[in-house]
Ligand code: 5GP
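Shown below, as structure tokens, is a lone chain in the form predicted on its own; questions about how it binds or moves come after it.
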Amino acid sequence: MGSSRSSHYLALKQIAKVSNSAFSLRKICNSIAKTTAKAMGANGCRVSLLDPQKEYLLTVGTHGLSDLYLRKGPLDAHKSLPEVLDGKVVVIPDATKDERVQHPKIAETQRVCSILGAPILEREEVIGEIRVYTREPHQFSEADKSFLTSVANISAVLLERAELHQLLEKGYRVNEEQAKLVQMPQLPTTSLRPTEFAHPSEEEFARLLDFYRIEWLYEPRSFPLRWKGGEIAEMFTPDFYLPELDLYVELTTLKQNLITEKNRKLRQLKELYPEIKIKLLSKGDFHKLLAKYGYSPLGEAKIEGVSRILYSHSQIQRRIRTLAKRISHDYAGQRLVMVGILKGVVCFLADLMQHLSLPVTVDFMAISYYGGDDGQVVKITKDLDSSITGQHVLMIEDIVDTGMTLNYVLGHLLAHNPASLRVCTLLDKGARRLTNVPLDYIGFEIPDEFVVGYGLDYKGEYRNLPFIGILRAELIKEDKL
């Protein structure tokens, strides 16, 4: 294997040319992978994007890699070359023995030896990566690393352009005069779906999952079912994988011959891979599946009045784990008193404390409001049960909007002379802030919308929703009439 500066230059010239073509995103990324591999004398190359939750890598372009290697299973970005997420170029000398490779056995069977990976950065944020693969041990040079980084930079521009195109297709338009007056919004890296569905029912299912913020991966793994002469003779690739449910889903129509054939494959898969959870679903079946989790039209009694899901249960739990890690670090070696105001904070406080790696005690307050000469006045109806004097106190809030109530409660707690007092809130609605209150730990910054679920209520309802959703505006307007 070998490469030269001249081959790198010619490759970059070709990549820039194809990136500016009218080809589809998939075709352009495949061409980039092919040109990159040839320029470096490598045997394969893959261009991947992070999924919206930045947990998994989704393939958008490949060259020279077997279908079995590409579909060996969901590629966890935190387990597979994890340093790339920190913006580093990573070298794997031997993929069959390196703990940073997620599937070393498959790498060995598919003759993958050395790997070079580089991050794709958009505004200094990692949105994906590009990797090259060799069949023989190879020591990548600094020129190789520099070249792959350049290819990654071109890919970032390409993907950003694809995001803009997709956003425009969804209805965002500005004329020349407007463009001078307004700044183009920062495009979310979650807007791009590098997926071409094989059937309209798959796209419908994906849209349903997106609405309810349920993570999904499209065809991430192929399962060998039959071998002949030492070679794979038949494989089965389920349509979707739902990470938060650890479930593979295969969709089907009501055509009996298709159902029969797919049932045969599912029986074989379950016999060969008993640890895998998989379901064969018709359109009606997947509505029932989502209803089981309170997510579909069959669960309307649970979600009636919610216009859209803002944060799914899995998103909330991931953020709570991150907050708990920070809090545990900041209070290491100390005992912590967590104080919450009933009732909305119950879900958040209960989940947060489970992930803290330090000794904690919990206390609750309750408040009510009544009309005064200057408007609403806060009244404490239940005070703390134990003294917090000299204690490290963490005030836990479900949501902070105007900050008026929190400011009053903090003043009350400070009067008890705690050793320290900080605030952790799950939601920060900064658009409604009237009082400048300190927020040390913030879960999510949210828009100026009425949110319910995960402890938050509207007239005593919706607290038991497993997610946080936006209440339909007409419900609030109706109540005001």
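One rule holds for the numbers: they count along the sequence shown, beginning at 1. In this text, all values refer to a predicted model and were calculated from it rather than measured experimentally.
Although it is not shown, the form predicted together with the named molecule is what the next lines describe.
S.K.: Taking 4.5 angstroms as the cut-off for heavy atoms, does residue 405 touch the named molecule in the predicted bound form?
M.R.: Contact check for residue 405: yes, within 4.5 Å of the named molecule in the predicted bound form.
S.K.: With heavy atoms only and a cut-off of 4.5 Å, decide whether residue 65 touches the named molecule in the predicted bound form.
M.R.: Result no; residue 65 lies far from the named molecule in the predicted bound form.
S.K.: Can you tell me whether residue 429 touches the named molecule? I mean in the predicted bound form, with a 4.5 angstroms heavy atom cut-off.
M.R.: Yes, residue 429 lies within 4.5 Å of the named molecule in the predicted bound form.
S.K.: Would you please decide whether residue 456 lies within 4.5 angstroms of the named molecule in the predicted bound form, comparing each non-hydrogen atom pair?
M.R.: Yes.
S.K.: Quick check on this chain: which one of 400, 323, 84, 127 has a heavy atom within 4.5 Å of the named molecule in the predicted bound form?
M.R.: Looking at 400, 323, 84, 127 one by one, just 400 meets the 4.5 Å heavy-atom criterion.
S.K.: Quick check on this chain: which one of 49, 451, 28, 423 has a heavy atom within 4.5 Å of the named molecule in the predicted bound form?
M.R.: None of the other options qualify; the answer is 451.
S.K.: Going by heavy atoms within 4.5 Å, which of 331 to 339, 390 to 398, 137 to 145, 87 to 95 lines up against the named molecule in the predicted bound form?
M.R.: Correct option: 390 to 398.
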